[in-house]
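Single chain ahead, by itself, as structure tokens, in the form predicted alone.
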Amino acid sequence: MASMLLTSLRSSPLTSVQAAQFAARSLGTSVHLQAQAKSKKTLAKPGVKNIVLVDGVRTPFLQSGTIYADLMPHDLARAALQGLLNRTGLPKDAVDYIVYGTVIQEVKTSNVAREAALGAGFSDKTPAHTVTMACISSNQAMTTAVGLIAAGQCDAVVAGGVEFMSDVPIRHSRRMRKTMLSLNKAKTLGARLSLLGSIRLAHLAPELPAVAEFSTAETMGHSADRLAAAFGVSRLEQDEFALRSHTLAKKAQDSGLLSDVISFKVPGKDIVSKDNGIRPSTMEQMAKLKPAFIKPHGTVTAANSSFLTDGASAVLIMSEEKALAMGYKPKAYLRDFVYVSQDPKDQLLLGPTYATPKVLEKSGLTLNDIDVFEFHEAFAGQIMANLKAMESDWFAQTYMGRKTKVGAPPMEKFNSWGGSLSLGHPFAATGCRLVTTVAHRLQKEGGQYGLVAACAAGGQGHAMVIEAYPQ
């Protein structure tokens, strides 16, 4: 695939003009496009419940190994749940169900949804379960909530996600584990001594959590580097996009636009009230960094990749009828969504390209109808490759079985308050951030429709259409 893409896509219209677009349109004073009020049709469907986002919050997203380092995942999840309760004034017994996402599980709290819910003071009669779907785990939590409400099983569901990279499970080697399990079953002293005598120094080598795809044995960063090369995405383009993300995030943070962030008193430490990974740099400084994955000629670096992050998010999803009956003014309608999957080797990170046209068709919309786009930024090269793929008729026809391209989102509508490259990416918490950001941007900018899209490990992806609630 790589050679075919490189030949066919180097002349993509996004190749040469993207940098100019970023500089002139995205970093200018008109970053936050004030969309004109539009009289578009609503996406409400006869006989189908309207499901709404009442509100959403998140803890500050912090670089792993910093202020949250001594906590556990359920501590962050509990803080997000408590923050949601405080923000909404929701009675704890009004929640019918809780769904939470996580990727790297803490073995002591394998069902982190339940442990966090109990810690946050929810009723022990409220069921809770945990889902995992890599970087779209909280997307899965939210759509699970939508399904429960649409099926008439629930009226109010809390969904969210948490990731804690400051402390991850590190196992003994398999041979050591087998020996230890056998020791536990040994009934005589002689049997135990025999097992202990079989231990060799090599058995003590630990097993770190896998950073590679199980099916391909390739790291996501390596895949991102290959993808960028296949689509002819230069190091310069990636650094420019990363700088754009940090610059816009800093502006949004300083302007008070990141209102979903709640303050969190870290036990034994200070109150944390903002993300700590937003660091606008310069192109000159970024150019000094060496490739992080494919050396020495790769283009993916630490500066144009998302960083390991600790954080949690939570949203309150209800039927519109229930929300209004309880006196809430919802922020947005959650409309159509899709999940996609494709080749995990060469198309690992192309989820947005495949999911976007599908969800638009499902909603009866076109790209031009969307006022706000929020895509997950795993790597700058991944974003740029998706934009090029979406702008390519050849890719649509050759790989997607479509007659024409869907088109790339206009950059003035795209991730205008920063993204995962700058705000941080706690794997299972990002989805809720994307959805809440779309709702807030629609309110701020006067738009009607927003679109969330994200890639995930395993070659999977997700997209959802969100409609602004009438103000």
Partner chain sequence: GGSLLCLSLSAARTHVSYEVKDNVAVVRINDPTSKVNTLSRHMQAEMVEVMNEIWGNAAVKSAVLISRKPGCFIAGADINMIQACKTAEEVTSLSQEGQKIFDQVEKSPIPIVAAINGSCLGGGLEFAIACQYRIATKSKKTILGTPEVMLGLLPGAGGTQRLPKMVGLPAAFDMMLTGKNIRPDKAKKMGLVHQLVDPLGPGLKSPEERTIEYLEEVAVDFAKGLAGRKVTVEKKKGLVQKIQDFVMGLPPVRKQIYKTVHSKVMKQSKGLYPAPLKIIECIQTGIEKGNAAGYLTESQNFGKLAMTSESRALIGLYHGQVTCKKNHFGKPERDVKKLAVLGAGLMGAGIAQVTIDKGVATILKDTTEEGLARGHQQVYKGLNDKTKKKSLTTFERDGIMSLLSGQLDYRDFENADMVIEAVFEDLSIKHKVVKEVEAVIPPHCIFATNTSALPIKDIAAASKRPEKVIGMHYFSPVDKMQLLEIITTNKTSKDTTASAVAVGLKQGKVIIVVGDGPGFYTTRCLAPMLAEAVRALQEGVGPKKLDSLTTGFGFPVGAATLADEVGIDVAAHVAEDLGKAFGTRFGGGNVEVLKMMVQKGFKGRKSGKGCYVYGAKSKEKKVNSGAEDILKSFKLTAPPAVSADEDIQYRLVSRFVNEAVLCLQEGILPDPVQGDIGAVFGLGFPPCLGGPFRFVDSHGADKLVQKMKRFEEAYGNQFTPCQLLLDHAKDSSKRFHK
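Positions refer to the first chain, counted from 1. It should be emphasised that the depicted structure is a prediction, and the values quoted were computed from it without experimental measurement.
One more form of this protein should be noted, the form predicted together with the partner chain, which is absent from this view; the next part is about it.
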Q: Only one of 222, 251, 87, 114 comes within 4.5 Å of the partner chain in the predicted bound form by heavy atoms, so just point that one out.
A: 222
Q | Contact residue in the predicted bound form, chosen from 229, 146, 308, 365 - any heavy atom within 4.5 Å of the partner chain | A | 229
Q.
Only one of these stretches, 344 to 352, 124 to 132, 96 to 104, 193 to 201, has heavy atoms within 4.5 Å of the partner chain in the predicted bound form; which one is it?
A. 344 to 352
Q: Establish, in the predicted bound form, whether 388, 394 and 399 all lie within 4.5 Å of the partner chain, using non-hydrogen atoms for the distance.
A: yes
Q: Tell me, yes or no, whether residue 276 is in contact with the partner chain in the predicted bound form, where a contact means a heavy atom of each within 4.5 Å.
A: no
Q. Quick one: is residue 296 in contact with the partner chain in the predicted bound form, heavy atoms, 4.5 Å cut-off?
A. yes
Q. With the partner left out of view, is residue 263 within 4.5 angstroms of the partner chain in the predicted bound form by any non-hydrogen atom?
A. no
Q: Examine residue 153 and determine whether its closest non-hydrogen atom to the partner chain in the predicted bound form is within 4.5 angstroms.
A: no
